[in-house]
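This document opens with one chain alone, in structure tokens, the form predicted on its own.
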Amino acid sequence: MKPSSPIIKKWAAPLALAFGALTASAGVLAAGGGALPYSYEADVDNLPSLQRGAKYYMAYCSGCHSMQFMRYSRIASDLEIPEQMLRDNLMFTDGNIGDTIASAMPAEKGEDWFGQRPPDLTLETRARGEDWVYSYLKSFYVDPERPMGVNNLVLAGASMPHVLWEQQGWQVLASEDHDEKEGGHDGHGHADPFDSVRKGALSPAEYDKFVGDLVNFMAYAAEPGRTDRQALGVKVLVYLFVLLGFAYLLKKEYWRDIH
């Protein structure tokens, strides 16, 4: 190993730096290489938020996007929604309560209308991150050059229309003097990259909560067992610490006569 040690020393620092940069950038960079404009941390233990998020997802997303790994029955059980209520209010396609969430849009129609099939969203928050999805849903802005009339700061050239425009309203990219304007921040101390040109049905704070509930539900759907997994992890750690105590006492007993 000694002959290779100079090589290890030579490359250790650059490799560590590169790894650190990749790790850091994974959570903060948008698809286009820029920093994400907003941040969000899901709370999958917030049952009312998940219930609202399920309602918003079915109303605004399920028409185009499926969740092929999530069953209606699992949602009813985990979110404490009576099955009949779920059938009447959250199932917009023919099928059984045990079916997975299917899109109402035929795949070929999606390709004709949007240029590609709308992606399945079961694992979207795990694949891209909760910050990314939250920022994406808040970052549509008016762009007359795009076929749908909108673009997205997080995913430039996105073919998805701004389906939540009635709630958010319309916005444009911020002007140069935006930072000097009163209220030009996102509520977290960061400069907001947009100027509002038409108000929506919800206030900015209400829309933030609306999108937060939607992303919260998507985070739950990506890993329905997260809460159980985390609770089990705590129990396992407690068990190991107790076992460590008994192991230490047993070690002392075995070595008592020697020491």
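Being a predicted model, the structure only gives us computed values, none of them experimental. Quick note: we count residues from 1 along the sequence shown, nothing fancier.
FYI, the form predicted in complex with heme C isn't displayed, but the following is about it.
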Site test, 64, 137 and 218 vs heme C in the predicted bound form, non-hydrogen atom cutoff 4.5 Å
yes
Could you confirm whether residue 144 comes within 4.5 Å of heme C in the predicted bound form, counting heavy atoms only?
no
For residue 161, is any heavy atom within 4.5 Å of heme C in the predicted bound form, or not?
yes
Taking 4.5 angstroms as the cut-off for heavy atoms, does residue 54 touch heme C in the predicted bound form?
no
Give a yes/no on whether residue 155 approaches heme C to within 4.5 Å in the predicted bound form, heavy atoms considered.
yes
Choose from 81-89, 68-76, 112-120, 94-102 the stretch whose residues reach within 4.5 Å of heme C in the predicted bound form, heavy atoms counted.
112-120
